[in-house]
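One chain follows as structure tokens, the form predicted alone.
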């Protein structure tokens, strides 16, 4: 593995890895919106502020409440493709991790179903009339549920990387994972969720608002984004230092090194522009550049994530399975359904935007 990802792998392996990473990036962006958005709404309820308008009634909170159910459904839909590809790329590792997680994995779907309906409840007028304790409890519960789902996927990923720990996990029922490793992973992805959410929310700011309103919301978004970038970067540095020599060597070498550079560039672009927005206010061109920086960071971080996992697995065994899978076919059906789903999601977005515009 001394060539740039994914060119050093056999053709079927490179093909599946590329599709897995690209589809995961889309799912990750939408997941970031949901994870960071729910965290922001929980904070708004916990710390409503002392101004004339509480944070829960301000434009940013309203936007997040309106779009969260759609964003969750879109994140789940976008997660189907990487879920299918991860079963092809890492079949034994993925299914074994599922089984070893046992009840934690079994309740992920029920948790998401409960949260999905709670997000619709949060949008209602009746919810806004409830007591502070009731509203805050629901908001915190929703955010905690998304963190739990994130933990389950993080644990699944880490368990799949360590076949040597599988017997111990089976015997004890405990994950047998390093608490520090889990914590750092969670901090990286949770912190990284905020700049992505802030960028998407910035595109959603209503153009009909006054300049002062937009400036205030951009200021809030910039602060949240910079805080998330700092947290993710700090946790990423500590995580890199704590990695084993093989994983660190692949990340710093020719396989992952260019993607580490892409990730750093994306973080710097986002950090610089968010700081500029914090000081001087935003412009439409800033959002365009931020979108590019965010995309670079997401793609780079996703490749690095897989680089670490590949360092712990038997690539020859995986390659033979990928070659068998490539002979099965079914690509035409996949491509057709992908186009149909993207079109349906696009139509839903247009319909919702028109509906919201008609209410203003």
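Residue numbers count along the first chain shown, from 1. The structure displayed is predicted, hence computed values, not measured ones.
Omitted from view is the form predicted in complex with a small molecule, to which the following refers.
Not one of 39, 67 and 220 places a heavy atom within 4.5 Å of the small molecule in the predicted complex.
Residue in contact with the small molecule in the predicted complex (any heavy atom within 4.5 Å), chosen from 282, 82, 236, 191: 82. Contact with the small molecule in the predicted complex, judged by any heavy atom within 4.5 Å, is made by just one of 149, 229, 262, 138: 149. By the criterion of a heavy atom within 4.5 Å, residue 27 is counted among the residues contacting the small molecule in the predicted complex. Under a 4.5 angstroms non-hydrogen atom cutoff, the small molecule in the predicted complex has residue 72 among its neighbouring residues. Although the partner is absent from this view, residue 35 contacts the small molecule in the predicted complex, with a non-hydrogen atom inside 4.5 angstroms. Contact annotation: residue 86 falls within 4.5 Å of the small molecule in the predicted complex, judged by heavy atom distances. Only one listed stretch (40-48, 290-298, 53-61, 305-313) carries heavy atoms within 4.5 Å of the small molecule in the predicted complex, and that stretch is 305-313.
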